[in-house]
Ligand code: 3HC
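Below you will find one chain, with nothing else, as structure tokens; this is the form predicted alone, and questions on how it binds or moves follow later.
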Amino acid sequence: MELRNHSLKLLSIQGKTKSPLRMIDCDRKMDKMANVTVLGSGTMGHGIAQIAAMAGFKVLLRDVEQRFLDSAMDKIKWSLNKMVEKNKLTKESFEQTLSRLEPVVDMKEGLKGADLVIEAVPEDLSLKRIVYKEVSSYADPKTIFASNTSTLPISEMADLTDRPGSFIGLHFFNPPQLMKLVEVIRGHKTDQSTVESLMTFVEALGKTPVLVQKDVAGFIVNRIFIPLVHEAVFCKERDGVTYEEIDAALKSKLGFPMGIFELADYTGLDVVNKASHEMHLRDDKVINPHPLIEKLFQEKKLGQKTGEGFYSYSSNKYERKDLVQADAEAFDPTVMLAVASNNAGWLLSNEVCAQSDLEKALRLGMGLKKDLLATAAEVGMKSIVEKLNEMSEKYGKFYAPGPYLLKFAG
């Protein structure tokens, strides 16, 4: 899930009242990993480069044109200045961080001495294919490759390189400067030493890693979030309720920090649509696609960034919807909880992740205030399974309860 970069107010997504950032120890380094190259200086790339430099790593930030790098460095300086103003960073650390950052255009120069390469180019596999061919020809044999993809298959990208055993997914959440979660995704051929090194690296950044043991569509957070957006649209049609009523019920009854439509608008419906296509392509059982998502994308109604998505906005700046508590009574969110729990159960029964990592990821990535499966248990697993069976009979096998829920509903 890619969240927009320019609003510091996104912390409300995590249900926090203050910034999770702390004063950074800029002298901290890892013994075996000191030099990091970030490929791509867009929103994610420059954010990752910034936090790596703050954590004490020497960072080469590479892009195809100097103007992109100049813009990225301006944004990094703006972000660091904001942290100084909020007493989250000292002036000395500000200067030290910038001294560790070097923007470069030449790929060969950008890869010189790299212990780790983090690819953060646009989510286009054909583009990544070109990038990895070039990177493989220049990178030192010791260099670990990581992709910041949110949806593309790690194993397929690994096979584009000369080192699939040293290839891994690092899914940072946007903006990396503030979001604590990083999904660390093991590809089919990723070796254990690479996994261990990157878990340690993420911790050295001051982030919270969760290990995704299998390269599945959506990883953890998007496996839960993206299908829920589509399901919410179906619920609106089937139950004859409004966006506001669904969102209010999710906040009030399920402990969501914001409604699902509100969160989708905030994330960007272009991002949701792209993730939907990629996930459905990899596993057509994970999403029950609703055509409205594609329609809004084609109409360029992308949410807050364009002023209109599911909701309308007065500007492209961060803006919360005024959800009324009374609206929550108009909608029973059990089916939403059931779909989310079924996907969560699939992750666990297929040993994609540990339950503790699942709940940690949803807490940090979606901002859930309560553990998802604990909420399902409160409602009753038997009731959840009954709802899924009812939906399966009416609307198809997408809703059929999986073995994890059936085991606990017994």
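Residue indices: 1-based, along the sequence shown. For clarity, every value in this text was computed on a predicted model and none was experimentally measured.
Just so it is clear, the following notes concern the form predicted together with the named molecule, a form of the same protein that is not shown.
Residue contact check for Gly365: one or more of its heavy atoms lie within 4.5 Å of the named molecule in the model of the complex. Mapping the unseen interface onto this chain, His171 counts among the residues with a heavy atom inside 4.5 Å of the named molecule in the model of the complex. In the model of the complex, the named molecule sits beyond 4.5 Å of every heavy atom of Pro227. Leu250 falls outside the set of residues with a heavy atom inside 4.5 Å of the named molecule in the model of the complex. Highlighted residues Trp78, Thr267 and Arg320: every one comes within 4.5 Å of the named molecule in the model of the complex, counting any heavy atom.
Note on contacts: among Val202, Leu101, Leu178, Val286, the single residue with a heavy atom within 4.5 Å of the named molecule in the model of the complex is Leu178.
With the partner removed from view, the residue among Ser147, Asn222, Thr97, Ser276 that has a non-hydrogen atom within 4.5 Å of the named molecule in the model of the complex turns out to be Asn222. From the list 137 to 145, 178 to 186, 276 to 284, 290 to 298, the contact stretch for the named molecule in the model of the complex under a 4.5 Å heavy atom rule is 178 to 186. Of all the residues from 232 to 257, the single one having a non-hydrogen atom no more than 4.5 Å from the named molecule in the model of the complex is Pro257.
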